[in-house]
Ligand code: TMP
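Before any questions on binding or motion, here is one chain by itself as structure tokens, the form predicted on its own.
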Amino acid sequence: MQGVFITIEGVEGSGKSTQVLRLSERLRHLGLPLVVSKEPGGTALGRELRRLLLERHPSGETWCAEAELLLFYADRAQHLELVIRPALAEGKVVLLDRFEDSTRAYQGASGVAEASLDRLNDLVLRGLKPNLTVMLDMDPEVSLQRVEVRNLSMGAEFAETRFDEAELEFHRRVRNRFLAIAQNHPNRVALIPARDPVDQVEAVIWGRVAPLLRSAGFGVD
């Protein structure tokens, strides 16, 4: 049985974490061999990189675009080597919260050239692509309001990512890049409106995931 690689993408506050949790619970209930992870931070060393990338440094210093890009790909290379490729080789379902499309959206929106993204993609991924990418789409003006409410309710320690604080125009560029990816890869990317009720979004996602699993030989209803 071949492994299945599923990623969930979207702007900040689009509900990725909720849908990753719901989908993973469904897959576990079905008894499927499953690995759930995220980027950055899917390995022990990756968690250190996540802290460096997403937390605000006390000095106020921020990463330049190229340094940030290389750190994201260092995390991805380690993640692929230790988690993703071995799990797929063992015939498991791999479910990720963010992957390559986020790098293209966020780092591209930060001004990194497409040629640089292409070169690192070729070097690190070596042709590996998700079987399905669920892309949750939402207007950043709405999604950032969700982020603000979430951070206030969860406390300061939860407000980990400095991307939350970027200007609205940056988040609009990120969304536009996600939309372009969906348009350019319609066979891989399922673009799903994220403003719909959570249960409805979950049902639409399952409508795309279930046929993929059946085609790969996993018995699901």
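Numbers follow the displayed sequence, beginning with 1. Keep in mind that what you see is a predicted model, and the values were worked out from it rather than measured.
If you look for the form predicted together with thymidine-5'-phosphate, you will not find it shown, but the lines that follow are about it.
> I need to confirm a contact call. Of 78, 121, 103, 143, which residue comes within 4.5 Å of thymidine-5'-phosphate in the predicted complex, counting heavy atoms only?
Checked against the cut-off, the match is 103.
> Check whether residue 131 has any heavy atom within 4.5 Å of a heavy atom of thymidine-5'-phosphate in the predicted complex, and answer yes or no.
No, residue 131 is distant from the partner.
> Just to confirm, residue 65 within 4.5 Å of thymidine-5'-phosphate in the predicted complex by heavy atoms?
It does not: once thymidine-5'-phosphate is placed as it appears in the predicted complex, residue 65 has no heavy atom within 4.5 Å of it.
> Hey, in the predicted complex, does residue 54 get a heavy atom within 4.5 angstroms of thymidine-5'-phosphate?
Yes - in the predicted complex, heavy atoms of residue 54 and thymidine-5'-phosphate come within 4.5 Å of each other.
> At 4.5 Å between heavy atoms, is residue 40 in contact with thymidine-5'-phosphate in the predicted complex?
Flag for residue 40 set to yes.
> Which single stretch, out of 121 to 129, 106 to 114, 80 to 88, 134 to 142, brings residue heavy atoms within 4.5 Å of thymidine-5'-phosphate in the predicted complex?
Among the candidates, contact is made by 106 to 114.
> Residue by residue through 12 to 26, tell me which have a non-hydrogen atom within 4.5 angstroms of thymidine-5'-phosphate in the predicted complex.
Contacting residues: 12, 16.
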